[in-house]
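Alright, two takes on the same chain below, each alone as structure tokens: structure 1 and structure 2.
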Structure 1
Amino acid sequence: MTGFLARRLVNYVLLCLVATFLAFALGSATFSPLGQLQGRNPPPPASVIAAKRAALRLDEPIPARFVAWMGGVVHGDFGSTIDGQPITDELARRIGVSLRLFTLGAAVGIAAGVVLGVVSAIRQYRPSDYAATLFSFLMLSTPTFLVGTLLKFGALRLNELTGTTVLSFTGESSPGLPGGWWAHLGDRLAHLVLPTLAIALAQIALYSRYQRSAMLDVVGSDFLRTAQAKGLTRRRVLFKHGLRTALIPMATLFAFGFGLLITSSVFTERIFGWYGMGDWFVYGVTQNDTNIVATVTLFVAVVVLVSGWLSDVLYAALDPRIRL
């Protein structure tokens, strides 16, 4: 099992490097970082443009620039933005924002989605199953930005009816909030409810459909009927043997789903004013900043790498054949 996980880890590291290089190369080939500087009126002196061009190393081949950038990354230096600001100073805060938001949203979505899928499979073709199916199809067909906007309007209406701010929907916290640690914690939780719900609703709908299908494949299997014929209760058979088997094909979906969730963070972060990695990626594209785009791509690739490797660990824990 150790050798299997080690080989998988090496493969993921190579894929991470390839993905980052492709993003760096694409940004370097298409971006025009000197466009804003050259478009000023009056135009800056040629010496200023030449100095900026040299600072950005635009005359070097793209592979050489990538190697130099990765050399700095290895030592914790992600380069500078077009404006000359160190990316490392902003990176930790942005990563913290995204991970706080999406780890909680994904955890809630996965847990609730698995439970809903299992209940739907066990109660197949009953009213609860039809209700879960309707909810899932409705959420899957609704864009993320529309769900977030509707949640914001609902929170605004609730606050108007109660005459106080029950739910906050802009930013991570209220600036200048008085009080101690508990007051600030409650304020942050109030700001976290709506964006977490916006993420979790889509995840619940997605995972419930996959889990329902996986559970239905297991419910009618021979080994469950054999276990029940030996005297085990139906509940024990379903949850000890059936659910464990049904979770095996879901392991990869859980892990990679979280990694890919980060890539779709743009709408959620923009709607609710959480300035994380998704918002930073949009900023980097609009500013023609290759270093920002490459840094965000590297972060997403690492998240997918870690998620994929953890899915292999989970897969091996659930399926004894992998350990052999």
Structure 2
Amino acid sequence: MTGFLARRLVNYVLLCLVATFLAFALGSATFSPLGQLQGRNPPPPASVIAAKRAALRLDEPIPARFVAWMGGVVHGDFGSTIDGQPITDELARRIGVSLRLFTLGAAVGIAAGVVLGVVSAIRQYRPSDYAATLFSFLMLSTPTFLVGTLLKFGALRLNELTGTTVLSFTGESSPGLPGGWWAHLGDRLAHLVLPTLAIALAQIALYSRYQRSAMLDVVGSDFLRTAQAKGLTRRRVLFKHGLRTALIPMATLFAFGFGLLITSSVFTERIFGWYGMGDWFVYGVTQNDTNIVATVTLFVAVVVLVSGWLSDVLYAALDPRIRL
């Protein structure tokens, strides 16, 4: 038992390591971090470039660079950016920004998705089902960057029409806002609405589709018939026996849904000017900064594995057939 847990943990750590190494190696191989420096006009002296080269350890083989960087990571030091800024300082703030988006997006997505899916299944082939289906398809077919952009302009129009800032769409808070703690909280919430919506709409669509078909699978099952034969009304059978059982497959979907969430957060953060991990990743790639890219990759790997683990735990909690 302990041996098994240990092996599983080792595998997780190994996956994170290999994933990070992959990102680090690919980044090191394709990026040209000196490009910007060399492209300056007037060109900087060769000594400056050589110094930068040495600082970035570009002459060492990639594995050696990785080991050196990883050695720092183990001690909580994620190295520095090309510009020499320590990564660790910014990391915590950015993780906070991203996780806020992830948790809210997932929570809203699952809650609304399950409700929508169940309603769809129970009222199958009624107008409400068709509307929900159409909505889901539309959301799953429209990329986040389009949804986000449209939401942003929708909010802009709304603000123009009302003449005040009903919905904020830039950044995570208004800079230099006067007022107390409550005002700040309200301001932050107002800033949260649109990005959360941008990220949650696709999640709602995803979960509602699966919840609908899981529910439909259960609707024809023998145990619902037994429950009905006991004298429960159809409605009660559907909710007490049907929905409870149809929630089980949702647990396995959770890990997959979270992967989707991470990717769409990259766009959401870019569009709404949130300085989170996704935004940082894009910045890292455009700046050819291997350390930033590897750090974000490590973060993503950990988040994916944790969500996978949560998914398993959720599964076990929902299904008595699954035992530790």
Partner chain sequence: MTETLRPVAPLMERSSRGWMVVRRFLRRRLSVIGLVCVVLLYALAFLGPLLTPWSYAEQDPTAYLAPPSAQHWFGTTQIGEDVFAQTLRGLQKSLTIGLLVGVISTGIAAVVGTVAGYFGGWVDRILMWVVDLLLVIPSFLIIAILSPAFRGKTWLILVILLAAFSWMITARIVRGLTLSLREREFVLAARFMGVSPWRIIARHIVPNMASILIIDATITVGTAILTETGLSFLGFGVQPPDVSLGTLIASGTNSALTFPWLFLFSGGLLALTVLSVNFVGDGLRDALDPTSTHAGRRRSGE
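Please note that residue numbering is based on structure 1, beginning with 1 at the start of its sequence. Between two forms, the rigid core is defined as the largest C-alpha subset superposing within 1.5 Å. What you are looking at is a predicted structure, and each value in this text was computed from that prediction instead of being measured.
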item: Panel number for the form predicted in complex with its partner chain; value: 2
item: Core fit, then residue 306 C-alpha moves 2 Å or more between the two structures; value: no
item: Core-aligned C-alpha movement of residue 235 between the two structures reaching 2 Å; value: yes
item: Is_shifted residue 48 between the two structures (CA, 2 Å cut-off, rigid core); value: yes
item: C-alpha positional change at residue 61 between the two structures - rigid core reference, Å; value: 2.4
